[in-house]
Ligand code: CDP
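Next comes just one chain, in structure tokens: the form predicted on its own.
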């Protein structure tokens, strides 16, 4: 049996007034929104990089180039679906997901349950295998949102 694989993902986006603010696939009611080529969902991007890294595959920016118009304003759920397909083809499955989102606004805690539910739907993981934490910048740059994700991949049963 193959040893479990651990992946670490990180993403960062600048925040601006106006636009849609998606975090973990959930639309937030927020004055501030992340800026990016796709929907700029910082959490889904970090999760994708963690999955791809654990599987030994190219990173998100290599697969979905930010200068390719087909990904302009694309929902990041498409990226997660791609990642899940890739690990399935490698006979791997996602066993655990642990994430943290760092920003001053919007507040993560009121939407934490909705994010976990969305992540469960996107990945097929049970809710008790998904954790999402919100942290502030503690006086740092309030116009930036970052996310980190750790994934555990295990060999799937054939």
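Numbering follows the first chain given and starts at 1. From a predicted model like this one, the values you see are computed outputs, not experimental measurements.
Beyond the structure shown, there is the form predicted together with the named molecule, which is absent from this document and is the topic of what follows.
Contact annotation: of the candidates 94, 108, 119, 54, the single residue with a non-hydrogen atom within 4.5 angstroms of the named molecule in the predicted complex is 108. Comment: 108 to 116 is the region of 32 to 40, 108 to 116, 57 to 65, 121 to 129 lying near the named molecule in the predicted complex, near meaning a non-hydrogen atom within 4.5 Å. The named molecule is not shown here, and in the predicted complex it never comes within 4.5 Å of any heavy atom of residue 14. A residue is said to contact a partner when one of its heavy atoms sits within 4.5 Å of a partner heavy atom; residue 25 fails this definition for the named molecule in the predicted complex, lying far away.
The closest non-hydrogen atom of residue 103 lies within 4.5 Å of the named molecule in the predicted complex. Contacts with the named molecule in the predicted complex, taken as any heavy atom within 4.5 Å, map within 132 to 155 to 134, 135, 136, 138.
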